[in-house]
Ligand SMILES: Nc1ncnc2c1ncn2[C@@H]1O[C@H](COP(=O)(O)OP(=O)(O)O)[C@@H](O)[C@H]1O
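Heads up, the chain below is alone and in the form predicted alone; it's given as structure tokens.
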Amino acid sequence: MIALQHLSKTYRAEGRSVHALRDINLQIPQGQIFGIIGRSGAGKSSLLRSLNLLERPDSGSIRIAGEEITTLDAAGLRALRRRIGMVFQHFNLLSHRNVAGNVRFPLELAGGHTKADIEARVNELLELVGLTEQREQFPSQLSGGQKQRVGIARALATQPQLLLCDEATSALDPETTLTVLQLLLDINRRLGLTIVLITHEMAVVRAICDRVAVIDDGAIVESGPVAEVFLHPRHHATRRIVAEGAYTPLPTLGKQGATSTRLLRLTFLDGATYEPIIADVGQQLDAPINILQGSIGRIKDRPYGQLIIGFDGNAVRARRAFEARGVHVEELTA
């Protein structure tokens, strides 16, 4: 669906060069929800906005559905942007238009639609986002979650192939965030729509994304399926983000117990998460296993567990016993 090659962007600020994007190479599959995560200033907004050329890169290639978009003329760029919807952090609704009017607006701009077709599409979208009863209300009368639902409906008005979400939940409270994320997940499943979202929150990526790329100082430092990146982070920037969003980092454990104690990080996925594996291995090895730290949750639809255990015994035997049960094992320094 989307292929980025050697994408770079530099700004001039206060007499110096700021490298927003550094040689970005990325593939985003069609029909997936793809997350781009990074801290403030990492370059994620510049990367997202390059996908509809709101930010034009200095160099590199952007291909969407096989089309090189960096060479489009003005007419081609307008046509492209009708195929790409965008949801903004602070909603960007027109205050003088009601809910239906905001959703209607991009269809009026695009032209070529009868009034009947426009109203049918508006009704369809308001039903999709659960705002049929609010169609006559104005943005000032809506909650934050309702405003974002209007923004999503408006972004879908022209039946785009791609939906870009610019920190779409960061202005919302946790409960409202969950409802908006569920809506995006439903839209992806029902419409087969490719969604690219940027966020600084690992919980957002964990909830709905299929794949994720981590951006740090303008460069992609890690990418892959969410479960792989979240459970086995390789780059220090990824480990920092995961630690902030998952559980207390390992150093807080300190040096506990006898020097013979081994620390093992166990990662469970899918059905293994709910099996009595700890008890079975402890019984098999005839050795006590202490659970020192851990978390159990879901990565999109996949249950997972990650535990740090203390084990007094043969670490090689323990590793083999756990791996035989489909558990990923890492030995840590106590």
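Quick caveat, the model's predicted, so the values are computed rather than measured. Numbers follow the displayed sequence, beginning with 1.
What comes next is about the form predicted together with this ligand, which is not displayed.
If you superimpose the site C-alphas and bring this ligand over from its pose in the model of the complex, none of its atoms is within 2.4 angstroms of a backbone or C-beta atom of this form, and that means open.
The three residues A20, R39 and K44 all sit with a heavy atom within 4.5 Å of this ligand in the model of the complex.
Only one of 286 to 294, 66 to 74, 44 to 52, 304 to 312 lies within 4.5 Å of this ligand in the model of the complex by heavy atoms, and it is 44 to 52.
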